Structures are given as structure tokens and as C-alpha cells.
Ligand SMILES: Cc1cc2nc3c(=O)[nH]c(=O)nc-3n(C[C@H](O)[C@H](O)[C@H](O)COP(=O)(O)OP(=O)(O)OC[C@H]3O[C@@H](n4cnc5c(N)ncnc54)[C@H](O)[C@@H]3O)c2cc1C
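Only one chain is shown below, in C-alpha cells, and it's the form predicted alone.
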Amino acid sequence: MSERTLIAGAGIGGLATALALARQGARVTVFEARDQPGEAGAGLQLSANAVKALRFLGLEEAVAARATRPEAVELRLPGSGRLVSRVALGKTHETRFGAPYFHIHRADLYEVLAEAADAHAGIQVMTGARVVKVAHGKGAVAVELEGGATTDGDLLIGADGVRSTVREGVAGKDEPVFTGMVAWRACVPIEPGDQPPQVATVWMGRGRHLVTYPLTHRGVMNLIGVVEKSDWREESWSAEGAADEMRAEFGGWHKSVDMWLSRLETPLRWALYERHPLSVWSAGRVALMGDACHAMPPFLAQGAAMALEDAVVLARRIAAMPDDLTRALREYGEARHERTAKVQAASWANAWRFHLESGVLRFCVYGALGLASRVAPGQPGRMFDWIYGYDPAA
């Protein structure tokens, strides 16, 4: 295993990578630009493939203690509330894929990873340390931090997000592309007497959709909405939006939706950007992971899952060939490229399904989904078996 690994970025992907490498003997230094790192936003979904990665890290039980186990995901139409399709999760998902399906707040997942990293003697996290320049040679890699400090190591992993500094040294200079969509996130209180079902509901509107599901550990309902519009392009996950604007986007869809929207205080809003899939993920002793190389749109709930998978596959490749790190990083990218590109494409296909504008298309597509659900109730969910059945540790 590498004597010293450097990681740019202490988000979910960066910390998972640090833990995966340290568990196999590496000494890891993680550079985080923020002075007080953490995760804003709201909930996220962890399907069996993500939980298997957490299992490899020894964190499945810690995450399970803070997570909700949903019974199903339902697709519904606003207005009527008509059920279009239902895919069973719960025991069905766990039995089929060998691991449970979790809903968890992003901050709770982050805290589990951060606590594990803090407790590991082989991991050092440096906050307020932004990587601004990278130089790598045949046998080492060096980074320069904002302010001029420098350090070197055996390899560098860029886990620094969609606007990655490390990416430029691997793939050249480019800019993320605005998708023409704006996302909303909020958590609102579940009050005494509320009995929301343990279900993720996707409300499919014209040019927009809203996802709702409870986060029981926190006593809140998670709301995630996406709207097609091009007049607002701020990318920050911490940008505050106006509650009345979010209500205007999704209000009147259903009495349950209106109830949750009535409890909004200050939702978060940001523009969705993407990067086209990279064919090469490494250059010498520098490699990318997570959003730095495959930013996932939120329509398939696989962004965190893909980063967790990356961390495990990367660590296993490095452990398998510690004497040829350049080859290990190259083979890691080759192992991950096709799958992540396919997940990106599947996610965009879901966006199309959720946002259909044409009445004819809505009738045909949703009618076909409904028919399939009635004739073969387990069939609609099988289109994503190839995602959930994957084990990054196998």
C-alpha cells in the first residue's frame, strides 16, 4: 500500500476514499477548502450497492442506526394523486440484492464518515486547506495550497467536486455545463399526529417533479424538487431560496404536498450542472473520483452511491498492485468508467419520464408503466437490477 496518499476534498466521497485506503494500510492526508466542513441540503437515498460499499468500510451498522428503511417508491400524478407505479423496497430489496435500502440525511451520513476518519490513526484531515495547484512526476505528486504551502505524497485523489481543481491536470481545462434545471431541497417537521408512510413518492409534473420521503431519525419530511428553467444559474448548495417560490412551483399538486409545503421555512435552491463522462480518469499518480469525474443528476438517487463505489474500487485496485500505482489508478478508471456513464444516462432517462409535457406522451408512458405494475408487480423495478445488484467489494 502507498506510503502516503493525498486527497483533495473532505466530502462524502473524499472521506470514504480516505477510510477505504487507510483500512488497507495507507497513511492519508485529506485537504478540505472549508474551515468547517459538513453537508448541507437534505436527505439522500442509499440503495444496496451503496450499502455494500459502507459494509466494506465497516460502517453499515452506524449508518443503519441513523437511517430509515423505506417500504417502496411510488410514482404518482399531481392533482389526482393517482398511483402510476410502485416498486417494493424493504425486505424485497434486501433479499434480492443482499443489502438494505436506506433513506438518510446527508449530514448524518457525513457525520458517520467524519467520526470514523477522525478515529483512524492513519487519516489526517486538514481544514481551510484548498488545493490550487498540482504537479506530478514519475515517482511522486506535489500539491500547492492556497496561501503557498506545499506538500507531496505518493499519489493524489481528486475528490473536490464538480468544479474540481485536480480534474484540470487530468482532463484539461473545461467548465461544467448548465442543465437548464434548478433544484430545491428542504426538510419540514413531522408533527405529532402525522403518520406519513415509509415511502418515497415521486410526483411527476410537466417540466418538473417533486420527491417526498420521511427521515424518521430526524423527525422530518424530506422534499426534493427539480424545475426546468434557465433564468437562475447559481450553483451553490447553500444558497437560500424563498419558501413562497417553492410553493408556487409545486403547490396545488395534492393535499399532502400542500401540507408539507405549508411548513417550509428557508428551502435551499441551486442550479444543476453536469460534466460529460470522462474517458480517462487518471494521469500518472493523480486520479479523480465522485463528482470530479462523473457528476450525477439527481433523478436516480445514485450520486452518493457512485462516490462510495469509487472509493472501494479505487482502494482495492491500489491494494492489488502497490508496486505499480500508475497502473492501479489507470485500471481503477477503466473499471469504473462504463458503469458510471451508464448510470448517468439512466438518470437522465428518468428525468425525461418524470417531466413529460405532452398529454399524449403522459398517457402512453404512464399508462404503460401502470399496466406493467398491475400485470407483473415486480417488473418495473427490475430495470435497475444492474445498478442495485453490483458489489464494489466483490
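Numbers follow the displayed sequence, beginning with 1. Fair warning: this is a prediction, and the values are worked out from it, not measured in the lab.
Omitted here: the form predicted in complex with this ligand. The next part is about that form.
Student: Looking at Trp270, Phe97, Trp203, Phe250, which is the one with a non-hydrogen atom within 4.5 Å of this ligand in the predicted bound form?
Tutor: After the contact test, the surviving option is Trp270.
Student: In the predicted bound form, which of the listed residues (Val131, Met246, Ala283, Val141) lies with a heavy atom within 4.5 Å of this ligand?
Tutor: Result of the distance check: Val131.
Student: Report yes if all three of Leu54, Glu60 and Pro392 come within 4.5 Å of this ligand in the predicted bound form by some heavy atom, otherwise no.
Tutor: The answer is no: none of the three residues contacts the partner (heavy atom, 4.5 Å cut-off).
Student: Indicate whether this ligand has at least one heavy atom within 4.5 Å of a heavy atom of Glu39 in the predicted bound form.
Tutor: Within the cut-off, so yes.
Student: Indicate whether this ligand has at least one heavy atom within 4.5 Å of a heavy atom of Thr92 in the predicted bound form.
Tutor: No, Thr92 stays farther than 4.5 Å from this ligand in the predicted bound form.
Student: Is the gap between Met221 and this ligand in the predicted bound form 4.5 Å or less for some heavy atom pair?
Tutor: So Met221 does not count as contacting this ligand.
Student: I'd like to know if Ala159 sits close to this ligand in the predicted bound form, meaning any non-hydrogen atom pair within 4.5 angstroms.
Tutor: Yes, Ala159 sits close enough to this ligand in the predicted bound form that at least one of its heavy atoms falls within 4.5 Å.
Student: Mind telling me which stretch in 115 to 123, 81 to 89, 300 to 308, 317 to 325 gets its heavy atoms within 4.5 Å of this ligand in the predicted bound form?
Tutor: Single hit among the candidates: 300 to 308.
Student: Which residues, if any, of 334 to 369 lie within 4.5 Å of this ligand in the predicted bound form when only heavy atoms count?
Tutor: Contacting residues: none.
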